[in-house]
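Encoded as structure tokens, the following chain is the form predicted on its own, with no partner shown.
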């Protein structure tokens, strides 16, 4: 079967796009590898009408609603290759599957994966007591002992924001020169403690956090640590297809126009791979726009 649109990625952006196409009565295939970025956290917060719901539950419910439309097909698997098919469309090959999938339009919504700091104890606490977004998880740690691990490109004054939720320590992790005099004064005026030592590990009964170990042997009590992960593309498909990729403020981004079209005609991108500032709500909204844009391109031409 040749589909009208093939969506690679079945999380917030991909399913939101598929819903719009399904409601336009287009034949849609959603391919998903089952590894959404937020799978490590127990609850999603701040999403309209879904505050506190586990993200995997949200995705499962959304998938069921999309699959209620008869024109939608869902394929579990990892897309490993994509190319133009010479007939104005595209083919996508899946790992372990002989026959490729083909479609007139291709929407990339495979998301990103987070590269975490190479510090003992970070990975097993990621999404529970080692966090990234205070709007997603800050409220649950209100008035508790908070830490911020400095790492570019996140500026050191990010700790001023985290201090809105509780007493905060900025861990410079050996980068003593990262804070200039003006920034130091601002931090101290908000009660932020500045710790220059290098962080060598996190301690406590994982996934909970009890403290941050410094290279001089001290253990500083902390209940939650905010870090800046280094996002990377969750799939090589955009590069294979020749889509332009830019350096965003927090990692690589597929370049798109206002209607989510990439630099390759017929290929669209949505969600975390195509936005500079990311969360589930924005990914879903981006997917809605992309789904509508793909439908319009099928009607009016790409």
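Residue numbers count along the first chain shown, from 1. Bear in mind the structure is a predicted one, so any value in this text is a computation, not a measurement.
Below: the form predicted together with a small molecule, not depicted.
When contacts are defined as a non-hydrogen atom within 4.5 Å, none of 23, 102 and 243 contacts the small molecule in the predicted bound form. Looking at 214 to 222, 160 to 168, 185 to 193, 74 to 82, the stretch with residues near the small molecule in the predicted bound form, meaning non-hydrogen atoms within 4.5 angstroms, turns out to be 74 to 82. Although the partner is absent here, residue 27 is not a contact residue: none of its heavy atoms lies within 4.5 angstroms of the small molecule in the predicted bound form. With a 4.5 Å cutoff on heavy atoms, residue 18 does not count as touching the small molecule in the predicted bound form; it lies far away. Although the partner is absent here, residue 6 sits far enough away that none of its heavy atoms falls within 4.5 Å of the small molecule in the predicted bound form.
Although the partner is absent here, residue 60 is not a contact residue: none of its heavy atoms lies within 4.5 angstroms of the small molecule in the predicted bound form.
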